[in-house]
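Quick heads-up: the structure tokens below are two forms of one chain, split into structure 1 and structure 2.
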Structure 1
């Protein structure tokens, strides 16, 4: 078909050049009208296959070109998406909105830019998403032999252009290979995930293998119902990824401002977790898809501790929360909410094979969903387990347990960590939105419930 040839020429570098011209035009329009601006242009190509019962239930492909704009005038703030075909109209309308506002208590001058352009591209991913054809992934991962499994596999390329009134001018190009698979074996199931900036087949195959192994291991054991109580618990990386993302979210100063953080009132130096726990935001890790060298205000990102050996190191800030709460930007800007980009829990000393042994008697839980806070400020919450979950006696799994609930408090859970494995997995899935490098965690006295 004729348009295919046109498309192949249009996208890629040539298209980016054209988009740069659009952003330059937007800059020329907005610059005389406001005190400060940031223009953020994104071209994202993404393709995904979704699995059900070992077959592709749908294959999807997305091409998006977006232009977002932050503006400030006389300490009034606005955030807009701009239609590139109505550039002048949209920008003038946005500026006229600001004239009707009062000064924002959230306003802070944009910080001096200190980022740099960067790219982390896997050509195989780039080529695949530009064509939208993932049929090679089906072959590479031998999906026809996967058995009864559901899941998704996605490849994406995100090109971004950043331009600010403070002189920041950066670009980034990042590829991503992310997926998760839930494998069923009779009444049992196991689920695992992977994420990377590279088309890493070993990573994906390993995740599929673990999901299969968990389903099989659970299926071989008798089933039992958990008795509500407080237990020693070994949490797998899927659960740890979910819970630790909640900790990082609570460490966003924006959540403090909005009154939804259990870390509210904490200061750097306060003990908030077991000394075994060290949690970092690692935007400069090139292996994880949250990799970036500048934040949304153009500030250079850096890897940083959120919790080091159990001690709180400080909130994640953009310029606005830093002004409001006191402090300095940590290079974690979203325009409104500070955010983490990639997370990691630093490795512990436990070997994975020793984890059961160290658990002794308790439960090994591998996956969860539907985490909800009873009280954001006190950190009480519950989350429901799913997939393989094991009752462990004398260091050996003896039964597979039905869906239960962790119903506890985040501050208490953080202090109950007794062991951390050396081995870690890069997790990102439906319940873990931030790419996270996470080990297993061994905890004590965790409250588990189940309807009786």
Structure 2
């Protein structure tokens, strides 16, 4: 049973004070009824611009309020979203329903809190979302002069309040400037994304410029059909962000518990990738919007290696998976599944301008969607390319590929990495839900087919 509600609320500092009162009232209601609880209140101000056919189709702003609650009693666990307008009724009904459940095999006592309150606020973003005035974004990014383009640009301010029965009491405030733009040139298209806690005009302009360049470059070349086979492949940051998020998801101990990770059976010290790959979870990076000083159990977060020079460093845990698998929480708690907050592939030695030369003969793929696993344990998957994709011969693009599908396995992909660029991009969009600092990857022997 879940209650969900979204309301228009007053903008300005006063509503945070009002929401603190809501959290305190919720605490007073739930505390005598359960053994453990966590209250997580979120207020999000957001403003958005949508592009379609080169025109601004939507420009709007709104603010949402949510109160989520974790409760445990006699080793029974419940997670609910509470309607703040029916606070006492919803909480009492949640507790009543909890008492009807069986004891959870996943139950573990909540850990002692060790996080801290923190914030990363860009005043320009804060003022924009609270006023709803996005005219400066339209002017700064020259959105009316891009040409035939589609995409979405969002600015947001998220305020969060955390209160637990273990004594954890924290707050966080984080701003975000995020977008993607897809530019069309005749039958060709290019897309790029960006994300930041700051209003970074150069970051957004560069992303739009790359999208334009990809569309134009593809449009200038003859079109060709892919011949299925195994090839050397250069993957752009948009695709790398999508695939590496799947690697981080497989490193969640929750995926191990549910039998859905290709890293099952791996131990710290096992080689799982090319020695060139180092992947980190970096919740304390203030430039990426996943910045967190505490996880959803109130444990302090820390930057950590998932893979270091190709070697697996260990699974991401919350208190429950730590108990089940014999470990310690890593400060990555979601209430259901351990999670990463921000991801980073450390920079390599390859210069971006030398990427085609190092690729020699193969394919340069820039974007993808519809990543689907055929077998989670084996890590076999497929994903379909979209937007500009290039056939490269003797280090130079010679044709634009109509459609292609990567059909391979994650373990093989990880071990096939031959090169990583120095240049990295902060990517986040529909297909990359975790803010990720990602380079270009040069791979060998990757299986490509034609989508049906």
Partner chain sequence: MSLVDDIEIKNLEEAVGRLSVNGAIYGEIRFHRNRSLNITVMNGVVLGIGRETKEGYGVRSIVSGGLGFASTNNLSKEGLNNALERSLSAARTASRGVKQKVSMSPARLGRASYFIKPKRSFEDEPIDVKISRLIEAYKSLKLSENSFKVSSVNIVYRESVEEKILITSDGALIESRTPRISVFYNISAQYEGKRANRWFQVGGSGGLEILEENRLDKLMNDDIESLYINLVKAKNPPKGVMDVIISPEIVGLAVHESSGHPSEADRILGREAAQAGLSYRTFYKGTRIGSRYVTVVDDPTIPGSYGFYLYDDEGVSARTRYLYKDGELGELLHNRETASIYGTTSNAAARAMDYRSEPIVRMANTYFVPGDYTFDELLEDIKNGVYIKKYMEWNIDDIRWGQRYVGLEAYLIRNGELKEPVRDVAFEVTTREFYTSIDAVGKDLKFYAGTCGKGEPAQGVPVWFGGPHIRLREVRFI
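Residue numbers count along the first chain shown, from 1. What you are looking at is a predicted structure, and each value in this text was computed from that prediction instead of being measured. Here the rigid core means the biggest group of C-alpha atoms that line up within 1.5 Å when the two forms are laid on top of each other.
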Identity of the form predicted on its own, given as 1 or 2: 2
Rigid core superposition, residue 409 Cα moves 2 angstroms or more between the two structures: no
Did residue 42 shift 2 Å or more between the two structures, C-alpha, core superposed: no
Quick check: residue 384 between the two structures - does its CA shift reach 2 Å or more after fitting the rigid core? no
Core-aligned Cα shift of residue 62 between the two structures, given in Å: 2.7
